[in-house]
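This document opens with one chain alone, in structure tokens, the form predicted alone.
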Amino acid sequence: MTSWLLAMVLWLLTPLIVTAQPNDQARDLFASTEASVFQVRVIDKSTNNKSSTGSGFLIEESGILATNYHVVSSVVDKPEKYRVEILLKDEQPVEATIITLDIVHDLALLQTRPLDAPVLPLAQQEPAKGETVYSIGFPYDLGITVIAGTWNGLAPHSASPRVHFSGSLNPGMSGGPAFNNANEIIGVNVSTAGNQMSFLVPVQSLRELFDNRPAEPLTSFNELIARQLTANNKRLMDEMMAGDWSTVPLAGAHALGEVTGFLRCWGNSKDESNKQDNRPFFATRSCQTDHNISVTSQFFTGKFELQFYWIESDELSPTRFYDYYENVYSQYRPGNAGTKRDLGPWRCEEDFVIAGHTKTERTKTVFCTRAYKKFTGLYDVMFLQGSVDREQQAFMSHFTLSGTTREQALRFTAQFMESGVW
């Protein structure tokens, strides 16, 4: 190869070589913080093998680490079956104890022996929107990893504060720290929605949990969880009750609008051009909170959901229309999940109520509750109301309140039925 051609090739390759160099900030961050970020392992006591993994990081020199609640939720739920340990850099495990937790913000504090690692500082202020931040954790049990992403501020319309992080968090990174350019913690990895859209718990929630930690580790967490869920339900309910209860048209009826910021609504109706769709005409509106609170991997709570459904048909006979309507009516289910181990049986009451703007619409109402077995005073509530007397039209409204109290449920139901939806 001639000298001029070789020089040209080297000149063309130069930008690629520069681009491929590691990011100095990420490299420096990794070097200064990796000793204080650990894999958190939930161990099945019978097999002495890991059941699940996450991440955690040192925030107090006595051996206090932070992680996500959902990383260690199985230990809280079944302490007779599981324990938690921290994996040191030399691959040696160290047992840890759960000190306290914040189930609403998905945080937990662990206590282990003093570790030979620097304490990671908590930032005093959040980054500017668009600033590059760095998340660290142990994805897929593959070893410690640094992920660069963008800080987008708090996610709007969220029932609990969550930071929108444009980066790829993966399973196993939950509970790990996210850093600003000064190597200060600005959040805790919590979840991902895929496609470079992930979420962090703001560092302020972690600071509050640390500052209010108990003097001694708790031995049972049920009472604490019940208090936290009750307080969170009251906060959301107060905001909802004080919200905008005006209605919007929905085909031949009216439905509630977006009552408050944390309820986002979506709508749909039958595509009349789709000749393959033999259903009667329908129009729906559904409003709900943006995420559930995870109690265990099979038990979720904290969700509010409102649904409105209009159907009509000139083609079906009244009998066939009623059969179709009854089938739709019977399909409604609560918006959260749980098992018989977590939840008692549904107990329902039915009644006929006069509703509507003119107070002439006869409706059937079903009010159902199921108690939480471990958390005294908390319930799931499902309410359903449907028109009765129309032959070829029907309108249904439904709500689910999960993790609420009797007092709050009755308060909400009264306002819902008086809101003029009909």
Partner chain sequence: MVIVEILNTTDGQPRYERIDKQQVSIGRAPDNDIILLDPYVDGHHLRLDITDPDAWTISDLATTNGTRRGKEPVQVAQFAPGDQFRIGKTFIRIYDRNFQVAEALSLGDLEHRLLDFNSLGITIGLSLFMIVTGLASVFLSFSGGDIKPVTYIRGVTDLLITPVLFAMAAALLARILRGESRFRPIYNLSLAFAAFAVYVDLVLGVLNYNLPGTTGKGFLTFSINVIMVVVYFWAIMLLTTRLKTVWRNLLTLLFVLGIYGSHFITYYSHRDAFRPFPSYDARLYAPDWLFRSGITPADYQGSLPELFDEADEAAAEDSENEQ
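Positions refer to the first chain, counted from 1. On a predicted model such as this, the values are computed, not experimentally measured, just so you know. Rigid core: the largest C-alpha set superposing within 1.5 Å between the two forms.
One more form of this protein should be noted, the form predicted together with its partner chain, which is absent from this view; the next part is about it.
S.K.: Please determine, with the chain shown alone, which of 165-173, 140-148, 183-191, 325-333 has non-hydrogen atoms within 4.5 Å of its partner chain in the model of the complex.
M.R.: In short, 325-333.
S.K.: Would you classify Pro345 as touching its partner chain in the model of the complex, given a 4.5 Å non-hydrogen atom cut-off?
M.R.: Pro345: contacts its partner chain in the model of the complex.
S.K.: Any of the heavy atoms of Arg370 lying within 4.5 Å of its partner chain in the model of the complex?
M.R.: Residue-level check for Arg370: yes, a contact with its partner chain.
S.K.: So in the model of the complex, is its partner chain close enough to Trp266 to count as touching (4.5 Å, heavy atoms)?
M.R.: Heavy-atom contact with its partner chain at 4.5 Å: absent for Trp266.
S.K.: Should Arg390 be classed as touching its partner chain in the model of the complex when contacts are defined as heavy atoms within 4.5 Å?
M.R.: Within the cut-off, so yes.
S.K.: Would you kindly say which of Pro118, Gly130, Pro214, Pro318 lies with a heavy atom within 4.5 Å of its partner chain in the model of the complex?
M.R.: None of the others qualify; the residue that does is Pro318.
S.K.: Let me know the one among Asp271, Glu350, Asp314, Glu91 whose heavy atoms come within 4.5 Å of its partner chain in the model of the complex, would you?
M.R.: Contact with its partner chain in the model of the complex is made by Glu350 alone.
S.K.: Since the partner is left out here, which residues of 278-302 would have a heavy atom within 4.5 Å of its partner chain in the model of the complex?
M.R.: Sequence-ordered list: Asn278, Arg279, Pro280.
S.K.: Once the two forms are fit on the core, has Asp277 moved its CA by at least 2 Å between this form and the one not shown?
M.R.: Yes, shifts by 2 Å or more.
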